[in-house]
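The chain below stands alone, shown as C-alpha cells; this is the form predicted alone.
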Amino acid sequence: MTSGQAQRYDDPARPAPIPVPAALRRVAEAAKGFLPDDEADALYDAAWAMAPRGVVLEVGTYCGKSATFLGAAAKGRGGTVVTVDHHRGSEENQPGWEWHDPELVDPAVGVMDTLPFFRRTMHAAGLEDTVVAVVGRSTAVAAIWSTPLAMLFIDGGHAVEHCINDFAHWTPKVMPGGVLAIHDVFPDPADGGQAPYEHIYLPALDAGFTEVRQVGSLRVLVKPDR
C-alpha cells in the first residue's frame, strides 16, 4: 500500500506508521504543553491513518506540541492539519491558576499570547507548509467551517461550556468512518476534571461513535459509516 492510499483507522490490515523522526520528537519535547509520550504516539498513529482521507483538525493549539505529532503524520502522508485556537489561553492558564505560565503573557497587551510560541515550534519542526493555524474561538471558526474532517482532535478549553460547544459544533463535521480523538478523559474524578469525559466522550458514545483505543487520558473513537 502506498502512502497515498487510505484505510479506516480500525482496519486491522492498515499499515503501521513510520516512526516519528527523532528531530521532530526533540522539537515536540521542547515545546510547552501537556502531552505524554505514549499519548503523543497514539495521536500520531491516528493522524497517520486518517491524513490521506482528508483534513485533520485540532481544537486547542497552545504552543504546538500536539500539532507537531499531527503534522509529522500528515506530512508523511501528503495531508494537511488545521489547528484552531484563540491563543489567549484556557481558564486554567490564566494568572492565579495552577497552569499559568508568565512567559506566555504578551507584555505589550498584558494577556496571554501563545501564537508566537506555536509559530516557533512549527518553524523548528519544518511543518509550516503542513500545519495551518486558524486564530479564533472554536465556535466562531466552526460556524464557517464546511470541509468534512477525516480526524478531529478535541483538546481545547476544559470548562463545561467549552466542552459542550466543541462537541456540538465540531463532531458533526467528522466524516463517516472518521476519527474523533479526545484528550484529558478521566472517568474517575480523582484523576482529573470531568468535563471532557461527561460532555465530549459520553455524548460521542451516545451519538454512535465507537471507542477503538485508549492510551492514558487519550481516547480514540470512530464515527459510524451512516
Ligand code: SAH
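Each residue number is its position in the shown sequence, starting from 1. On a predicted model such as this, the values are computed, not experimentally measured, just so you know.
The following text describes the form predicted together with this ligand, which does not appear among the structures shown.
Novice: If we take heavy atoms and a 4.5 Å cut-off, which stretch out of 156 to 164, 195 to 203, 173 to 181, 47 to 55 is in contact with this ligand in the predicted bound form?
Specialist: Careful reading of the contacts points to 156 to 164.
Novice: Quick one: is residue 87 in contact with this ligand in the predicted bound form, heavy atoms, 4.5 Å cut-off?
Specialist: Answer yes; at least one heavy atom of residue 87 falls within 4.5 Å of this ligand in the predicted bound form.
Novice: Determine whether any heavy atom of residue 120 comes within 4.5 Å of a heavy atom of this ligand in the predicted bound form, and answer yes or no.
Specialist: The answer is no: residue 120 has no heavy atom within 4.5 Å of this ligand.
Novice: Could you tell me if residue 32 has a non-hydrogen atom within 4.5 Å of this ligand in the predicted bound form?
Specialist: Contact with this ligand, yes.
Novice: Within 4.5 Å, heavy atoms only: does residue 136 come near this ligand in the predicted bound form?
Specialist: It does: once this ligand is placed as it appears in the predicted bound form, residue 136 has a heavy atom within 4.5 Å of it.
Novice: Considering only 193 to 226, what residues come within 4.5 Å of this ligand in the predicted bound form, judged by heavy atoms?
Specialist: Going through 193 to 226 in order - heavy atoms within 4.5 Å of this ligand in the predicted bound form - there are no hits.
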